[in-house]
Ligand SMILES: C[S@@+](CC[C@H](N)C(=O)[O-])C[C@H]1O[C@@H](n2cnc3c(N)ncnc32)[C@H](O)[C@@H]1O
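Here we start with a single chain on its own, the form predicted on its own, put down as structure tokens.
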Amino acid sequence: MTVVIGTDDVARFRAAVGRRLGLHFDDGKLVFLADTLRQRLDATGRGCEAYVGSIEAGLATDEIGILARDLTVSETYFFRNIEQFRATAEVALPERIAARQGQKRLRLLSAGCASGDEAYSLGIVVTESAIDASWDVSIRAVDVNPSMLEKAVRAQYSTWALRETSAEVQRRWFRPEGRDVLLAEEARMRVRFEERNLAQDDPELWPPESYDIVFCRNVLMYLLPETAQRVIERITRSLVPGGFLFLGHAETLRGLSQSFHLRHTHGTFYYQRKERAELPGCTYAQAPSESTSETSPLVAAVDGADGWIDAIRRASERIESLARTPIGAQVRREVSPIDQPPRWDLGKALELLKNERFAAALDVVQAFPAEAAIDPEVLLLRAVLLTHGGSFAVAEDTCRRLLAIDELNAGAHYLMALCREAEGDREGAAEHDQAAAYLDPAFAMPRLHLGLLARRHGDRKTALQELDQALLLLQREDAPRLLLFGGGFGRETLIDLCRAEIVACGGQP
């Protein structure tokens, strides 16, 4: 007999899965969730009320593992995003080895390890680094999916899992095992696998200042915003100062943490935890309680439709609302990931900006009290106006002050790119554009600027790639952000410019 599942049952099941596994499913996945729920009811022979109730209460421990198997994405392979492993081998490991000379101890974590490909890739990198045999080096690999962990322990893989692994590495570290390959014991010996649920607080998994390098790739994107926030908080307090964090290619810490420096080498972005002296007033001794009903300021600011905080978009939206607000009107102070002084009335400056009266707008901003000099929104607007006015050296200094407060501010990185280009530093300009585009993939202007830089220097292939991406983004870019960063040009003008540059590079607009 087919079990009838109502929309309320699916909604309740989604909430229970979110609570126990931290997974986020939008409305487009409701049919998938309904099918999964129906399959589990058929398999267990239980009614919907009893089954979902047991998930909600946390009583069905084995069932949580089965749901993790059925609901999580486990596609991975050895040396996925190989540039991150190169950065590990040539930057992260050497720095941590130098820092740990006294203890001769290194701890690495693969969080969300799936079938072990990532953890074993780290095992190969560590072994090839020729660390002295006297060192104590271990790689902890955790996942909530027990079937994937069973596969990881076997260390036997199809050749498809080696599709990004060089022939030399394959010859050295793998041997044929029937139609599959088996990983050499030397690369396996440092790795241990554990079933752990990242959505639940687990003091044993997150000892303070323990790990030197953490890989948590392509995990945050599947989590509820509040769960992602908590996972990052746990990672932060468990990383040693100076330790490294690698996220997935499409994941960033923007809006989640101010405790890391952004690093960019080997064609990839990653993070390094700040030293204690760089974190005044910040502590990680106590994790947020899973049962608390209070919401942190960061979580409270999350737009439930879009995921976690988009700091630049929020600032842009505020500027748009201020531009419509009569001068002198009081504007509600918004939450921020950092402590800030009272907000200043930017309405007059923004009206002048809209009318392209950049010098007059800057005069208004310059007249603010001295306390405004540490307000991120004031700094961002001041940097915009200085850049528009051609005062690149002062604009760059303002951007650096803003980045000292919020290192993951995409707008500040974009303005830095313009300033670096004005100083003849093309590589520095591209570096900041790339940072801005990484931190905010929906931000059109750094893509456009990267395309223009490449075209001016004869790199048509890169120019076309960036300009094509910029053209797509410009068509759905937020109007308030175009006001801030468009240099006085409107959407259609920027789109026309982009198309003309594409044609000049031999492409089709």
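Counting begins at 1, following the sequence as shown. Since this is a predicted model, take the numbers as computed values, not measurements.
Just so you know, the form predicted in complex with this ligand exists too; it's not on screen, but the next bit is about it.
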For this session: Name the stretch, out of 108 to 116, 424 to 432, 401 to 409, 385 to 393, where some heavy atom lies within 4.5 Å of this ligand in the model of the complex.
Result: 108 to 116
Exercise. What is the one choice in N197, T252, T268, S210 with a heavy atom within 4.5 Å of this ligand in the model of the complex?
Worked result: N197
Problem set entry | Heavy atom within 4.5 Å of this ligand in the model of the complex - the one residue of N145, S121, T236, Q229 that qualifies | N145
Exercise. Hey, in the model of the complex, does L21 get a heavy atom within 4.5 angstroms of this ligand?
Worked result: yes
Problem set entry | Any non-hydrogen atom of Q258 within 4.5 angstroms of this ligand in the model of the complex | no
For this session: Tell me, yes or no, whether R96 is in contact with this ligand in the model of the complex, where a contact means a heavy atom of each within 4.5 Å.
Result: no
Problem set entry | 4.5 Å heavy atom contact, R217 and this ligand in the model of the complex | yes
